[in-house]
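What follows is a single chain, given as structure tokens, in the form predicted on its own.
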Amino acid sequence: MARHLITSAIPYINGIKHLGNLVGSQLPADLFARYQRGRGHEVLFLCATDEHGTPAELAAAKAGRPVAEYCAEMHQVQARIAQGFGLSFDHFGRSSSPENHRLTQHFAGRLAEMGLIREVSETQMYSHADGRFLPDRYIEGTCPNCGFDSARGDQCDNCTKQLDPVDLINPRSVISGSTELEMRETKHLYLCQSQMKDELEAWIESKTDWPILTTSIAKKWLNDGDGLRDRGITRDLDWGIPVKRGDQDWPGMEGKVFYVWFDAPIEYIACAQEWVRADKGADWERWWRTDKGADDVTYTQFMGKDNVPFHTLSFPATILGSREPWKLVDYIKSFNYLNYDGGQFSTSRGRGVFMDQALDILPADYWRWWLLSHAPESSDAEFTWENFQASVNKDLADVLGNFVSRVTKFCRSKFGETVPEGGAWGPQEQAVIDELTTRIRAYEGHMEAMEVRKSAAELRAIWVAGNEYLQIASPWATFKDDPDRAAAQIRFALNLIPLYATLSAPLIPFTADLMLAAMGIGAKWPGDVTQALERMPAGHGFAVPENLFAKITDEQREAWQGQFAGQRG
């Protein structure tokens, strides 16, 4: 039994996320976690809400709520929506937890001891209209690199280039919109990433199996321009983790907090401590400390491409720089962007489908299937309602749903609601077993490699094999002349249903549970396919399930296209 530590990028607390956020980290991480559990491996799957920094303060201010109260409420909202989508976190934590406060302060202290923190007196944007220093994310302007007119003071979302506020063209305050900004002197702490460039570069070069998307972004940040730069890890904000050196005050840093991108990745570790505090687990160190048993853990991170620089450079610099035996990531699965119907999802403009809205109009498995089968792995992908309708109707309703319905209803009408006896399997059934054996091993290979689209395509082909068997075998025709042979055909087809449910569970878990419940049998991963297709012997009772998937009508599609075109908010 292998041990898999899995984390997905932690979502910001500022509101409900859209489908592009979901498919970029949490959903594929859940796919991998469910698959590894299904294979019998030990899994710890962690996520949390990212509650510090500018987005939290701005969202709370907009809602007219104290920021701590706002974050507590939104954590519950995001946790409930995650549960609705079947995201099987072992724990869904909070970056504002006491555990993350202590651990972030601990890492800062260790890095200082190792000579990797320096104090810098610098000038920072001050807004006269707002009466305060503006952290990087409180400032927007035009990117000097690509011309994007909504680049933030720390990074351009369009080209991913790391920025400083002074780099922006025509900078403005996000709070007030004021352009009456000036640079004033303040003091901050910097993580000396530049001292660790060679160590980080060697570590990244050793990851020969990582996706090109991941390594290319990391190497760009390492080598472009002046190369890897030291990174500020403190901010002039009220809300966040107070700057301390371990458990000691840090002279000169009074009233400052750690930068959200310093404390947010540390929450992955703190989340495991929260998991223990919540009485869900007994030992977090065996997952995170290589001196306490984490040497045999495979650690995989899932994230969108905009998060790659911090997970390949800044967080590893924190871990390595501490010179303590923490577990480093083994594999980073990164994703491109999912666009919406000819443009971009937009939280501010309400353009696109948000996670709560998606669950209001259709069950989670409809969305899970489309998103995973169209995951933006090698390039950006695009959600269109036409494509969504076609995929749901053809893949889920016509292929999987229709197979289950035809087999169970025919058996009920001719043999009753028990697996029929009589007859024996022959060359037709053996041909399907041979094909399924090949395809299931290929499916496992794609899953192990985290090839999300290929996994979904192979699973669909496995479903298709059952439909093709039904067409060729035609038990409804066979029954007229040879009821025993028809019984054997239906017994074979019925046994495909729990097999399909087990294989489909990582992608469409709710439907898989319905299929298994109807068949009166539990999930068991198919090693030998012949044995897997003998789990429901003659006389085994089953129920005919309701139609697993309803087709999306043209009228529904047109109504949803209008509903989510951008009126939200």
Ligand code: MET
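Residue positions are given as counts along the sequence shown, with the first one as 1. Here the structure is a predicted model, which is why all the values come from computation and not from measurement.
The following text describes the form predicted in complex with the named molecule, which does not appear among the structures shown.
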item: Of 107, 469, 259, 268, the one that lies within 4.5 Å of the named molecule in the model of the complex (heavy atoms); value: 268
item: Single option in 368, 333, 94, 311 placed near the named molecule in the model of the complex, where near means a heavy atom within 4.5 Å; value: 311
item: Touches the named molecule in the model of the complex: residue 264 (any heavy atom, 4.5 Å); value: yes
item: Residue 50 within 4.5 Å of the named molecule in the model of the complex, heavy atoms; value: yes
item: Non-hydrogen atom contact residue 23 with the named molecule in the model of the complex at 4.5 angstroms; value: no
item: Proximity of residue 124 to the named molecule in the model of the complex, heavy atoms at 4.5 Å; value: no
item: Interface segment, criterion being heavy atoms within 4.5 Å of the named molecule in the model of the complex, picked from 409-417, 489-497, 303-311, 285-293; value: 303-311
item: Partner contacts in the model of the complex for 1-28 (non-hydrogen atom within 4.5 angstroms of the named molecule); value: 9, 10, 11, 12
